[in-house]
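Starting off, we have a lone chain in the form predicted on its own, written out as structure tokens.
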Amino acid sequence: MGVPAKHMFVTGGVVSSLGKGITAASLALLLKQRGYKVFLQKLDPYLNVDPGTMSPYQHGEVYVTDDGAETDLDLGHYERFAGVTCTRQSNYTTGRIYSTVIQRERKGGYLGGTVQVVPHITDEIKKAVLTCADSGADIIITEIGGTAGDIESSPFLEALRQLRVELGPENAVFVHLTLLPYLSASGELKTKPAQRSAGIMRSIGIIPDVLICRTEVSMEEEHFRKLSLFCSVPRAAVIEEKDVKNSIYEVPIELAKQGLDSLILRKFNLPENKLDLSQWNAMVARAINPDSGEVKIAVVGKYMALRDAYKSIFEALSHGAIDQGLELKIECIEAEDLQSRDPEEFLGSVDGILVPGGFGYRGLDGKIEAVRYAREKDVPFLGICLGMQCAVIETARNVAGLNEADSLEFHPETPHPVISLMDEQKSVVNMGGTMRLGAYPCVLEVDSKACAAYGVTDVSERHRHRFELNNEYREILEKAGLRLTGLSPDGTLVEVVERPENRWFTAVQFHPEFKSRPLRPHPLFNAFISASFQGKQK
């Protein structure tokens, strides 16, 4: 038998949205760069089985894994920072845990016993955590969603408390992230909320091994001493996590300066090994000091009120800009605004236009108007998922002369359904987890812009959709100048379309943003940023 995996549990207190995901991802990067294999997972306390049916305004983007799981957006941080590949084992919700237990009870799996939160729900949570050991990781980092004291989080914290007892303190470490608010009126940094937060953890039997303090201003030694004394955490294990000024990718560097990764390894009784952040440091330096110019990209979406709805899109754009030493300016444009006002007002000053995915009819015509503007003005264009379908509809309406062309998703009675329901989706009743999800192969035309970007003809990308380009309209669309340059290996599904007469006009049915990394920008985003900047120079 191999050496058992070490477990790190990341909890949060005082308020939500403190950055547990980025902190966990940063720790994963540091430990990986010290030679350890790391696996990450997120435990979410809401009752939805997964976020697949949740509104982006409620939850932000749904992050899709290679194996087809619809998951929390924090998994995007895990993959981008640490370069790991997450799976459906990387995200468990209360709903998923309870569903498993209830299904087992219905089958008589508990032999007539009374099913309770303790031990049955907590046992299922422990099983979900321990199953990650199958990944072969040396260290498993588990982030617990919500805030200490939340009713919803209680079963998760109780399960992890039990796990620590069962695994032993050298195999299970608790890292608690808390807030030190700064009162500008009095000029004081307050530690009381953090003390309360640690106290809540202590009341349920968990004393954090490490206390990480989010703060806007630098901590003084008195703050470290007070937190150490009243939170029962050694002084060396009280870590400052001050807001970074320029890029979230600075966070691992700042944590490494305080020796957090070394501290964790010592608690695990593991060799510290050498830390190599040379590539990461170089990337951050380029991000902070772009020296090649500026590029302005318009993102025309329908959930612009919440930037997290397009988190991976924004990050993938930034990766392409960082790689080329460019300062990125993103213009967030509500698609509905383009339906009632002159597009020139919004798009006239941008260097590139990106239309992302989405669901529902609202804002559709605005997205189509953005595509039309990009085509007619020859502005570099990247369409993703619904963005590709909008490109198809725009060509059908404004070039092929099919004025009422539409998608069956939005207009079931359209005489020209250029976007139709996939065959395997026609019998689907349930909404959650039933789309075409996960990684699928695609074959690119050798002389296409997409192939030039990738450098290969065979690629694999992640999908999340129900509708597709209607094959009955392929010939009409190609005669209208829309070239179908990427297909499924059997040729039945159109994955990529382009307009060769434009400088750079590419739209894809899949979601390339999910595979972009700061040290390895996605080829399509890199090519799109490059084309946008070159067009600006001309």
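Quick note: we count residues from 1 along the sequence shown, nothing fancier. Bear in mind the structure is a predicted one, so any value in this text is a computation, not a measurement.
Keep in mind the form predicted together with a small molecule is missing from the figure; the text below concerns it.
- Candidate site formed by L382, R503 and T506: none of these residues places a non-hydrogen atom within 4.5 angstroms of the small molecule in the model of the complex.
- The partner is absent here; in the model of the complex, the one residue of R466, K126, R307, K296 having a heavy atom within 4.5 Å of the small molecule is R466.
- Comment: the small molecule is not present in this chain, but in the model of the complex one of R34, H511, K42, R499 has a heavy atom within 4.5 Å of it, namely H511.
- The small molecule is not shown here, and in the model of the complex it never comes within 4.5 Å of any heavy atom of T178.
- Although the partner is absent here, L386 lies within 4.5 Å of the small molecule in the model of the complex, judged by heavy atoms.
- The closest heavy atom approach of E409 to the small molecule in the model of the complex falls within 4.5 Å.
- At a distance threshold of 4.5 angstroms between non-hydrogen atoms, Y98 is out of contact with the small molecule in the model of the complex.
- Annotated contact segment (heavy atom within 4.5 Å of the small molecule in the model of the complex): 466-474, selected among 26-34, 489-497, 46-54, 466-474.
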